[in-house]
Every structure is written in structure tokens, then in C-alpha cells.
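In C-alpha cells, one chain follows: the form predicted alone.
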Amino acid sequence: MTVYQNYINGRFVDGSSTIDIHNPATGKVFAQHALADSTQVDQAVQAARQCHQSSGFKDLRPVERGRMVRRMGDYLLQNCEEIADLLTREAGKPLWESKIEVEGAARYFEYYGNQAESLEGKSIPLGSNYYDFTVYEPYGVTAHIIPWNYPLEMTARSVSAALTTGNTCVIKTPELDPITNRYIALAAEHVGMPEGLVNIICGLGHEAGEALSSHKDINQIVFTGSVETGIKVASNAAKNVVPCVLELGGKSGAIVLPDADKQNLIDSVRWGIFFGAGQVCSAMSRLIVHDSIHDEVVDQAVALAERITTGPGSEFPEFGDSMGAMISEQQRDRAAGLCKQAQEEGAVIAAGGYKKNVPGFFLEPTVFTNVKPSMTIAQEEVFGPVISVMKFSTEEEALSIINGTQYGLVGGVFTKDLNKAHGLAQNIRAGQIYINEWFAGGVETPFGGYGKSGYGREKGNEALLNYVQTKNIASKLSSLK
């Protein structure tokens, strides 16, 4: 049994105890990981604080920091096969999905490394007797509390931006799949990052997460996860007046107009709800379809769900109609329970709807019809491979449905009429809108939510502003006369 360690101040170290890591495809333990307590959290924070104050990393010319950050991504790509294999074992993803995640993580380091020189201050005219300008400075010690659905990529998303702007990092990995974050530490070592710049600890949310989010020497926090936990993190941060970026839940929907390209739509459904076994905050969990094409769309969605093969991720090295296990028995059973509740409330299963009677944590790709906006399945985030198809007659009705939840992370529109698409997009309350392709965009495009989907933005050049403070310097000049 391999026991993986935490990483503090440039060294791999044991924890106060260990936690079992299960392979979601089999349900069996295949490794253990060191578990951090509040003492080890403090050690990581103090290492990061000391590094920020003394290493000189923040004072490097931005291009030099950027080159180091970019090379961290190169390291991940060089070890992609090895990392992807481990990610598949700990997270249950098909091997081809794991490779995409490693490549996505590397892309963040590349993008933000290249953005290091893009943050520029400005001068402000105050008349001939004054010289006034602004500069951006790093916050200092940043905390990164990582979700289990994309453990490597979500770490890369925030850490790459934090390092680019001269901050130090304490990363709390998800306890369900913490192992691949080891490669973030190895990448930092590979490119010569100072000791203490990157610290990685695995811990339980109510222990390590609580200790990290409430630590008095943390200067900024990035959290991705549930609304409930996000409120706790924000409350802890508020006590120390520490800024947060919160990316929380979603119940994202797509409006499908009668002229939509059906094959293009189904291709987006494939990625939108069955990629990652639906364990994606921005998943296409609601399909809001004009009643004139509703039945046709349902038939095509059902055909898609029925041709998707589920099984151990190691059996799927190449892209295809394959789906892996959910992360844990608890998460799988929760999703199955919501499917059962949906039937009790009157929704109809058109495909799937049940957990599979095989080893591992598998749920069938599921399509629900006859879903009403007030039903639990239409309001609550399932975080599983479950899509609800709903009817509308008018665009006003469609907007009422899509905006009728507590969330506001992502919305979508499928139509050949771009005037209508953009008109609807302006009235959808969500931080990111996809038109005619779910997950359109990329690392370059800002991402974040409205409502209980959180606040602040990740991705894009805009995200760099999360990690810096603005300082204004005003000088009175001596008269030249």
C-alpha cells in the first residue's frame, strides 16, 4: 500500500494520521494519504508566509516569474501519461478524460505564465504640481481549497494565477482524490521555485479546511465547492477581513429554440452532462426545449444516454461514448436518491435513473421528462449524469424557467438566429453564457457566478485581479518656477 505525503516548505512529510483512497471503479482502497491537522495547516501557512517575506520571488521581474510558472505546465505535460493513470484510479474518470484534465491543468500554467507582464498600473492626472500613479501588489499568502471533481485542473487554475502575481500558496486538496496534486509540488521543485512557495496538504473539511479558512495569516482565499461549505469559508474569512473568490453550485440550463441544429445540440449534451459523470458545477443539467421539438430532442437524448458505456476508466484510453464512475458511494447514492424523489414528484425516467449493480460507484446516464420547474430535480444540483428535459412555449416562459433557481453559474442558447440568441443571453442571469456549444470558450474567458453560484471570477486575464491589491502613490512636486 503506497502512502502519499503532504508537502510543506519544500519537503514531503507525514501527517497526523492517514486516510484511505478508494478507486471509484472498484470501491476498493488502493492507497493512503497523509492527513493534516490544524498544527500542520499552521506549519504550511507559516512556511508560505516566511517565503513571501524573504524569498524575493515577488520581487522578480514579472517575465521571470512567468517563465517559471509556464515551465510548471511543461512538467505536467511531460508526465501526462503517468499523472492521467493515477487520476483515473483515484477519481474514476475514463483515461481519456484524465488526459484532458492534465492537459487543461498545463494550459493554465501556460496561459497565466504568459500573462505575467500584462498587469500594469496607471498614472492619474492631478494637475502640474502632482505625480500620481497606481501599482499592483500581491496579497501574500493565498489559500486554495480544491474540489474533488477536477482535483488537478482546479488547483492549476488558481495556483497558476496566484504564483504569476507573486503570491505564495497553501493548497488543501480534496480528501477523496488528493494524490495527483503531488505533481504540482514536483513541478514547483522541477522549475526551482523557492521552498515554502507552494505547500500542499490533504485534510478533512471540518478540520484542515476550517483551520485554513480561519487562519489569521492567510491573506486571500479561493474556494470551489458547495454553497453550504462556501458560506462557512466566507464566514471564517470575514472574521479576519480576508477577501474570497467563491465558485459554488449550479443548476445550469440551456434554452433550445425550434430552429436549433439538433445534432449540434446532442453533441453538447454529450459534453454538457455526461462528461465527468455529470460531476461538473457548470453541467447542462436542464434542457429547456420548445414544445414543437420537445419529443424529437427527448428521443435523441435518450439514444445518446443508451449508447454510452459505463465502466472502469482504465478500459477507456481513447475518446468515445464512455463514462466512468462517480467519485464515491455517498455521492452516487445521493444522486440516485434524487432520481427516486423525482419520480415520486411526477417526473418520468426516459433513460437510466438507477445505480448499476456492479462493483464501484456507477450511476446510469439518465434522462428525465415531464419535469416541472418547481420539482426538486429542477431546483437542486444533482452533481451526477442526470439531465431534466423541460418544455416551454414562449421565450418569456423559457427565461422564467432558466432564471428560476437560486443559482446563476452558466446558461446556454441553441438557435440559428443569433439576434434571438444574444437577446436571450442578455436576460439570462448567469456569469457565463454558451451559444450553440456547451463549454464554448476556454482558459481565456472569465468564469464565475451570480446568486448562490458565488462571486469573483476565475479564468481569463480578469482573474489576475483576484490576487493583487491596488496601491496608489501620490507625490507633490516642487514648483519649477
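Note that residue numbering begins at 1 and tracks the sequence as displayed. Since we're looking at a predicted model, the values are computed, not measured.
Quick note: we don't show the form predicted together with a small molecule, though the next part is all about it.
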_Site test, G205, E210 and F383 vs the small molecule in the predicted complex, non-hydrogen atom cutoff 4.5 Å_ = yes
Students should find that, of G250, G313, G73, P365, the residue having a non-hydrogen atom no more than 4.5 angstroms from the small molecule in the predicted complex is G250
Heavy atom within 4.5 Å of the small molecule in the predicted complex, from candidates S160, T224, S388, S268, belongs to T224
Per contact check vs the small molecule in the predicted complex (non-hydrogen atom within 4.5 angstroms), the hit among 190 to 198, 226 to 234, 83 to 91, 257 to 265 is 226 to 234
- Query: Might N149 be said to contact the small molecule in the predicted complex, defining contact as any heavy atom within 4.5 Å?
  - Reply: yes
*Is Y450 close to the small molecule in the predicted complex, meaning a heavy atom pair under 4.5 Å apart or at it?*
no
Exercise. Does the small molecule come within 4.5 Å of any heavy atom of E175 in the predicted complex?
Worked result: yes
Taking the small molecule as it sits in the predicted complex, is I145 in contact with it (heavy atom to heavy atom, 4.5 Å or less)?
yes
